[in-house]
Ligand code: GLU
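The chain that follows stands alone, in the form predicted alone, written as structure tokens.
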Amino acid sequence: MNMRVRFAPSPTGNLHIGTLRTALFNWFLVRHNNGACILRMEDTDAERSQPEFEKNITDALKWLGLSMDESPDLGGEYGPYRQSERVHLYKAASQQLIDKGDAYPCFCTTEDLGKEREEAIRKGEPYVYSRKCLALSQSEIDEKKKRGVAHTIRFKMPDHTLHFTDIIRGDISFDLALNADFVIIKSDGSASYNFAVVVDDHEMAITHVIRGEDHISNTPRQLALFEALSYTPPKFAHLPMILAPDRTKLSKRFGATSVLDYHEKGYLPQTIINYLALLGWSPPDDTEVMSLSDIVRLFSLDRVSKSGAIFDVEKLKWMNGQHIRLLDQNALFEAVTPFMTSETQASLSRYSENEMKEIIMSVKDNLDVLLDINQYLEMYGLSKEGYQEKMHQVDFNWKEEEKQVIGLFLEAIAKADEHFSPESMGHILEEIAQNVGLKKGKLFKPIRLACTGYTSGPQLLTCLSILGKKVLLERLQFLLENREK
């Protein structure tokens, strides 16, 4: 059978980083092995499951470019793909367990269970359900059902030791006798998480379950159900947790926000994928900046660590800058345009689209996130009055060699052709450098400040060529006239 994995989020909240990392590792593995990735919505919690959360999950996957092979929207031969639409399967499986004597109706109320728990606490013992409803006769069960007494269905846990091999963590054993009989069908007729998951994984022919290590505690219950239902269990792989820098559970303070929040902050989808891939997995050559195709080509579970992975926002931001620098002119223009404010766009309206692409490319190396684009485009949008006001506020010592550099640059600009290019700007500055005996670094600093009003910013030669002859002459003449006063 071909490999089949599932990403099964609960639509009770927005898609977060930890859940996305699980989706990615499933997706990487199955794409590496030419299998199928299924999106299944585990919406058994009717009160908390909301359509807007399901939309948030699917929108995030779409933004990241993670295509599914089967899903609620796509359909497929193993559907439906929402648990709320699969209730008939859970009822049939629970009846199968009842018929075998592996499950039974439980009429205990919340109050009854509370008293049992209090008694266990009083005795200093761990609480385990007493199984008192297991002793009910069929006539007692029928009588209670006839009176409409609310009940659940509990699974009768076996008492042997269960062994399984986790792909990441190796051999694991559980003493099932330590686990209480648990509810598989709630009083409202819906299936519990552990039961629905087992039935669905079987019915959807899931071969591998890759999930967070916080699910290890669910595994004995699920494997006991697989065994009781005579299902072949999938192979399990439990991923390390994603931790905050202080090694505590990831919180909103340290990055546990909605995945789409990162989109709004100006992160590229390829950055999010690349960074999360390295939280728990390492490529053979320890490369950090990787494309999606490279990750899929190299991915395997035998290189997944058992140790928790630290989520570092600064490292994420650095990696985003690296991916931004890999974008070509058209891709960068398309990526940053939605992040330009209306004020920025209005100030740059005099430039053509081709000039805008050159402008944006000139600031590419300055960007960590796409939202940074506005602050670095300010210098291109400065009006005549805006530049003059800015230069009146600039406080720097006007050295003689700097005045000489600006004067020579003004003369060269005045004599130059109308159409500038980065190459022609380079030739002009090279000649000035030779005349005054300065290295380019010391030459660029005063020219950048004089021409833009900023001490740092875009690639200088591109910036000068885009500003053009008229603007440069106007600014340099103003500067020299006012500095000599």
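Keep in mind it's a predicted model, so treat the numbers as computed, not measured. Counting begins at 1, following the sequence as shown.
Just so you know, the form predicted in complex with ligand GLU exists too; it's not on screen, but the next bit is about it.
Contact check for residue 5: no non-hydrogen atom falls within 4.5 Å of ligand GLU in the model of the complex. Within 4.5 Å of any heavy atom of ligand GLU in the model of the complex lies no heavy atom of residue 182.
Contact annotation: residue 360 falls outside 4.5 Å of ligand GLU in the model of the complex, judged by heavy atom distances. Contact annotation: residue 70 falls outside 4.5 Å of ligand GLU in the model of the complex, judged by heavy atom distances.
Only one of 370 to 378, 158 to 166, 189 to 197, 226 to 234 places residue heavy atoms within 4.5 angstroms of ligand GLU in the model of the complex, namely 189 to 197. Contact annotation: of the candidates 215, 145, 265, 132, the single residue with a non-hydrogen atom within 4.5 angstroms of ligand GLU in the model of the complex is 215. Between ligand GLU and the residues 154, 211, 323, 364, the one pair within 4.5 Å by heavy atoms in the model of the complex involves 211. Contacts between 78 to 117 and ligand GLU, taken as any heavy atom within 4.5 Å in the model of the complex, involve no residue at all.
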